[in-house]
Structures are given as structure tokens and as C-alpha cells.
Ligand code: 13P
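Read the single chain below, which is given as C-alpha cells and is the form predicted alone.
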């Protein structure tokens, strides 16, 4: 019944509506998505599809920071000009669909960190870099200070650019992506330090350690990816001896160092899909995504790296019922759950996002 309701409404709305679905969503939700991808792919496509034409609404089946990014890009000054000032409304089916990692870094805490660093080192030597999995406020923080956003796919290119501009990087909110990227670039561990957000003074560091650092990492993490441990590799290889280990760069460094391959959600999908029949893969990323890849590649052995798969609970808040509930308000001209970023925040966040897009 819900599938019928959604399909009928989509038919009536036609090109006025674009539904975006993140890889971590339920299959029944993704069945109605016009575009499926990771957060960066979807935001970029949202900007491209809404640049002109008749699109009035984007329903983003993802989490809050993704909808914010889509709003910033879809309603950029250049896109608004092309549409004669007409906004594209971005809708999130459940306003509680957030991201625990993104919530681990807020504007006030990062500003406090920045101010404390200013008292220890020349702050003009520090460039702020935020993972795209962060609030619009933090993207704006970077945009205001000459910084940039990054994705899991272009983190190394962004880090290399950032270090060509200044001596140090302050990276938030995901410590693991930052550490894995820096280590892969050959930066010594002694020059990579962690800023512990619960510590009142200098993130638990001393002045000498900070002065000797090149990479300062916020101590945030993804609850899904941090659950994967190095020991899981040994466990899975005891069951499938010839298995290849492929993990997301949000995983712990000790696991990433032992994996056969490391890459973004988009990379994992492409790599496994294009691998030869009969190959075996253990995948360290979100469980619904792994299950879907396995169903789509029945000629291969594809399993979750952990015997207890890790699922993103906030992504799971977007249900078929909640998606269906968005259509009647749209058709009656009173859409609900609109995500609209403050104009000044959006302006500065766009600077960081545009730089990010240039590095892909």
C-alpha cells in the first residue's frame, strides 16, 4: 500500500520532485530513490539536478548534515540566479535522523579549541579541515578561515593541498579518517596528536606537543566503523582463508593497516562489483550496505567483517512510512521537515564545499 501511495505521488509531481537515497538506507526506501549514492555523490547530484529546470523539492533519505549540504549546494547564489530566485526545498523525512559523529564536534567547542591554539602557536599556520560529515556551522567555520571540507574519497588530496598552504591541519570531527590519511601520507605518528574534547585545557595536550605537531585530530568517531577491530580479520580468515579485507577509512588505524584495501563507500561498491566471479570479500562498513552488495553479487562471497554486523541506527529512522508521509504536505503546498541553512552560515560553508568539489 505504501509503495503504491509513493509511486502515485511521484507520478503526479514528476520533475518537480527529486528523491535522494543514501547507501545505508533500507532497500524498501531506496526502491523509490531517483539517485542512490554516498553523501558527497548525492549532494553534488542534487546541486546539478536542481541548477535549473523544474525541480521544486528534494527529499533526502539520509541524515541531517547531508540535507544541510544539499540545501547549501542546491540553493547556492549561482543556482538561485539560474532559477530566477526560486528555492528548492530540501526535506528530511525524520528530523531526528542525525549523525553521532557529526554531533561530537560543535561550533562552540571547535572555536574554543581554535582560541586555545591561538595562545600557543601562530594560528595563521593552522588550516581547519572538516569532514563533510559535520554541521553546516563547522563547514562555515572552515570557510571563514581559509579552510576546506573533505570526503572520505578525497581526504588525501585535501590534506596535501592544506599542507601546501599552511604548516598544520586541525581536522574534525573524525579522528580515524584524519589519522589514516596522515599516516598514508607518511606523516610520523609523533606529529599526529589528538584533541580530546572532554579535556578543558589544550585537549589534554601540552604546549610542546602542540608546537611539534602537524596534524591535530578531533577525537570524534563513527559508531558504526569504530566497532570493527583488528581481531575481526583473524576471525574471518579462519572461516574464509582466501578472503580479501576491504574497509572504510573511518575504521581504526590498526585495522586499516592490516586490510587489503581501504576506500569510501563508493569505492567499496565499485571495487567489489568489478571484481572477478568467485572472489571473496569481508567488508568493514555499514551492515545494510554490505547486505545489499551481497545480494547484487551472488557470484561472489561477500560477508560482513564482523560476525555481529554494525548498522547505522539514525539512518534507520527513515522508514517507508515516513517517506510516504512527506507527499501529502508537498501536494497541498505545505511541505514539512524542511531543512534550510541560515544564509550567512550557508555563504561561508559554500566556500569550504566548493573547494572540496575542486579536489575530486
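Numbering follows the first chain given and starts at 1. Because the structure is predicted, anything quoted here is derived from the model rather than measured.
What comes next is about the form predicted in complex with this ligand, which is not displayed.
Trainee: Is it the case that residue 250, even though its partner is missing from this view, gets within 4.5 Å of this ligand in the model of the complex, heavy atoms only?
Mentor: Yes, residue 250 is a contact residue.
Trainee: Flag residue 213 as yes or no: does it have a non-hydrogen atom within 4.5 angstroms of any non-hydrogen atom of this ligand in the model of the complex?
Mentor: Contact with this ligand, no.
Trainee: May I ask you to check whether residue 225 falls inside a 4.5 Å heavy atom distance of this ligand in the model of the complex?
Mentor: Yes.
Trainee: Could you confirm whether residue 68 comes within 4.5 Å of this ligand in the model of the complex, counting heavy atoms only?
Mentor: Result no; residue 68 lies far from this ligand in the model of the complex.
Trainee: Would you point out which of 295-303, 318-326, 47-55, 33-41 contains residues with a non-hydrogen atom within 4.5 Å of this ligand in the model of the complex?
Mentor: Heavy-atom contact with the partner occurs in 33-41.
Trainee: Could you check which residue among 175, 133, 181, 75 gets a heavy atom within 4.5 Å of this ligand in the model of the complex?
Mentor: Contact with this ligand in the model of the complex is made by 133 alone.
Trainee: Out of 148-183, which residues reach within 4.5 Å of this ligand in the model of the complex, heavy atoms considered?
Mentor: Contacting residue: only 152.
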